[in-house]
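Next up is one chain by itself, shown in structure tokens, the form predicted alone.
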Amino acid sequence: MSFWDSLLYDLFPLIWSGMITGCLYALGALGLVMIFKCSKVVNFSHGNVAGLTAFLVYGLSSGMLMSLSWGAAVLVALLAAVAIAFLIYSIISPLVFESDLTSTIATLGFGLIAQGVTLLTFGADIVALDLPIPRFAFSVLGLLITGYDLTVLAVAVVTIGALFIIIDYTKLGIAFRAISENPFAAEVCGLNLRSVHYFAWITAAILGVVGALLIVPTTFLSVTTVATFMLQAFAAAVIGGFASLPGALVGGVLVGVLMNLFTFYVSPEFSSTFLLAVILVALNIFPNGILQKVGGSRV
């Protein structure tokens, strides 16, 4: 096989599929970054809570719990995610204003609780969660594009676009940016820190559910599937800078492409090791995020 054939049949499809997966990593990373920007808490319960809601969609739509339509099941799962996020922040909010480290550790506990609830309710079996995604495919310059690819791109663009519009053009978004920059000055100006924190935590939970549901069709649903997915999202947040929303997008796509290339050309067995190595290298070369290093500033 010639060099150009190798690019056409191996490298370009790997980069394309990595970019698609990276969009989902970006959704997860955005949730982590939003919480960290305004409350300075690394939410380690993000993955397990998203996994619980993905299982809830399965249980409500498969007949295990109820026999709802897929749309109704997703709506219930989103409401559950909002309620869980509200509950978690309500419990740890006193810690948030006392110690960033203590509140971060507390999220680990809530993550374990969410994982335990998932195990007790749905068991440890691996299940398949089918989503109503259009099943078609077409080729563009030899690159195979599927209905799943376009669905992920559409959902990611709409979701991320809506989020940035809210942050840039609404009073709540302006308050979020103000508190992220200087919480003391924002509070002096009369902004309610807890209300904005609730906004960030609830938005992050919704982003987690969307990312979790879209990643499942590429693999399977188990207690650890979504938590593993959120590990890649965490790496994306680290690469992009934990205080940069645009950085989370860049980091998500970069992680998706790198993981695809490593899995194909080296070994899928060491993908977790490679991911941890990427995190360590990123922290050493881009301690403030890749956009800080390249562009000189971040949002």
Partner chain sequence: MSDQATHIIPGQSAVSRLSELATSGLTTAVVVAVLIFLPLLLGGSWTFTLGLCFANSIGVLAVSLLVRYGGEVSIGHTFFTALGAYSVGVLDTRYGISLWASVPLALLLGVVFGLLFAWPSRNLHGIYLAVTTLALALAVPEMINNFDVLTGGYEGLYVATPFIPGVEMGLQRYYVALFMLVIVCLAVARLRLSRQGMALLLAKAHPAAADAFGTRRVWARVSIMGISGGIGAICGATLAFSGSTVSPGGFTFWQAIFLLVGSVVSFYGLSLTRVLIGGAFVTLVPQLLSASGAWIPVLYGLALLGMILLGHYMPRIRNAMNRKAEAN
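Residue numbers count along the first chain shown, from 1. Here the structure is a predicted model, which is why all the values come from computation and not from measurement.
The form predicted in complex with its partner chain exists for this protein as well; it is not shown, and the discussion that follows is about that form.
Enquirer: Where, among 67-75, 105-113, 143-151, 202-210, do residues come within 4.5 Å of its partner chain in the model of the complex by heavy atom distance?
Expert: Answer to the contact question: 105-113.
Enquirer: Is residue 279 one of the residues lying within 4.5 Å of its partner chain in the model of the complex, judged by heavy atom distances?
Expert: Flag for residue 279 set to yes.
Enquirer: Would residue 139 count as a contact of its partner chain in the model of the complex, using a 4.5 angstroms cut-off between non-hydrogen atoms?
Expert: No, residue 139 is distant from the partner.
Enquirer: Indicate whether residue 270 is a 4.5 Å heavy atom neighbour of its partner chain in the model of the complex.
Expert: Contact with its partner chain, yes.
Enquirer: Would you please decide whether residue 99 lies within 4.5 angstroms of its partner chain in the model of the complex, comparing each non-hydrogen atom pair?
Expert: Yes, contact at 4.5 Å.
Enquirer: Identify, from the list 83, 91, 189, 128, the residue with a heavy atom within 4.5 Å of its partner chain in the model of the complex.
Expert: None of the other options qualify; the answer is 91.
Enquirer: Could you work out which of 172, 157, 165, 120 is the residue within 4.5 angstroms of its partner chain in the model of the complex, going by heavy atoms?
Expert: Exactly one listed residue reaches within 4.5 Å, namely 120.
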